[in-house]
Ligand SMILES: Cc1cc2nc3c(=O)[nH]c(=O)nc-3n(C[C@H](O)[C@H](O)[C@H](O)COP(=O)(O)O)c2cc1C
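Here you get one chain, nothing else, as C-alpha cells; it is the form predicted on its own.
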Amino acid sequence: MHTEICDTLGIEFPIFAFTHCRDVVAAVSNAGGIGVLGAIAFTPEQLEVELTWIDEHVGGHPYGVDIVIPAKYEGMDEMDPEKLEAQIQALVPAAHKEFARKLLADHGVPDLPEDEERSSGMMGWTAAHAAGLVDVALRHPNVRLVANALGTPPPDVVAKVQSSGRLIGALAGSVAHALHHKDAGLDFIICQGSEGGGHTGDVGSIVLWPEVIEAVAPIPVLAAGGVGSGRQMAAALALGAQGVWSGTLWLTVEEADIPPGQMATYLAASSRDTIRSRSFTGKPCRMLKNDWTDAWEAEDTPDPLPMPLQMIVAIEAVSRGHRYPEQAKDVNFNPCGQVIGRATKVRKARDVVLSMVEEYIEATDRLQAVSTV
C-alpha cells in the first residue's frame, strides 16, 4: 500500500486523516499516516498555537493544514476583513437570524454567557481570512501539505505554497471541479464522493473516483467519501487512487475533542442518518439529520442563504451547541459522512490506522487468491 505520494511526503501509509483536533493529527502522523488539521475555526494567532503544539508532539513526522477559500461567495472581491464583515453582515435578513434564535429557544438551548467572546460567522470562509492561515502554516517546517476544502485556490496561494516546497491540493466533487484544479497546477486532488462528510457533490464515490482519476492523470488523486476500513481503502487504490482522505473515521477516536453528548450522537448514528443540507454553511454539506436541518427544509420557513451569509445566521447555533451539547443535541451541527454507521465504539487513532492496514492486506490477499483460482 506504499504509493508514490508516500515517498513524496515521507509517510509510511497513504492514510490522510482530516480532523479539527490537534491530538488526532499527532496520533495519526506518529502511526505512519498523515494528520491534516482543519483550520477553519482558528484565527491566525490560534493556529500558531495549535501548530506549535503539533510540532512538539509529532517527532518530526509530517502533517498538513486544511483551509477554506470558497471559489465563489458574497463579497469575494473585498479583501479588507473589517470592510468585508460589515458588507456581509448588512446582507443578512433579520428574519433569518430570528428564525435561528427561535429554533434554539424552542429546544431549550441556553444563551452564551454575556462575557464570552462571540464569532461573527465570517471567520474561515473568505480569502481574506485564509491568507493569514496560509502564512502561519508555511512557518512550520513539518507542515508538508496545504489543502483547500472548497474550490480551486487562488493563483497567488498556489504559487506561495509551491515555492515553499510544500504540496497544495483541493477537494473536488465532480470531474469539472477536478479539471479546474488540474488547470491551476495543483499537486494533488482529493476526490470526494457524495457519501463523504462536509461539503460534497451528488455523485457517489465508486463512480466518481475513476472518472476523476482518468481525467486528471498523472496528478495524484486521494479518494474520499465512504472510506472507513482497509477494504474500502483497497477498493480506492484498485481504482487508481494514490491514497485515501478520511474524516468521519476520526470523529470517534479517543483523541478527538468531541463533547460526550455529541460523541454519543455519532456512535448511535447509522449510515442512513445523514443528509446534504445548506442549513449551516450555505452550500450542500453532509451532516446528521436533526430538527435544525428539518426546520430549514420545510416549505414554510426561510431558505438557507448563500455562503457565507448562512454561516453568519448559524454561527450562534454552532457556538451554543458546542458549549451546551446535551441541550443542543437535536439542533447541533454534526458534519459527518455515511460511513458514520461503522463508528460504533471509541478506539485509539493509532489502532484505527493499524486496523486499516491489516484490513487492506487481508483484502488484497483475498483478491489475489481469487485471481489465481
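Since this is a predicted model, take the numbers as computed values, not measurements. Throughout, we count residues from 1 along the sequence that is shown.
Although it is not shown, the form predicted together with the ligand is what the next lines describe.
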>> By the heavy atom within 4.5 Å rule, which residue out of 219, 175, 237, 149 makes contact with the ligand in the model of the complex?
In response: 149
> Given that the ligand is left out here, which of 255, 187, 273, 195 has a heavy atom within 4.5 Å of it in the model of the complex?
Replying inline: 195
> Of the listed stretches (177-185, 226-234, 101-109, 87-95), which one has a non-hydrogen atom within 4.5 Å of the ligand in the model of the complex?
Replying inline: 226-234
> So in the model of the complex, does any heavy atom of residue 360 sit within 4.5 Å of the ligand?
Replying inline: no
> For residue 33, is any heavy atom within 4.5 Å of the ligand in the model of the complex, or not?
Replying inline: no
> For residue 40, is any heavy atom within 4.5 Å of the ligand in the model of the complex, or not?
Replying inline: yes
>> At 4.5 Å between heavy atoms, is residue 336 in contact with the ligand in the model of the complex?
In response: yes
> Does every residue of 171, 245 and 251 put a non-hydrogen atom within 4.5 angstroms of the ligand in the model of the complex?
Replying inline: yes
> If you look in the model of the complex, which residues in 19-36 sit within 4.5 Å of the ligand (heavy atoms)?
Replying inline: 20
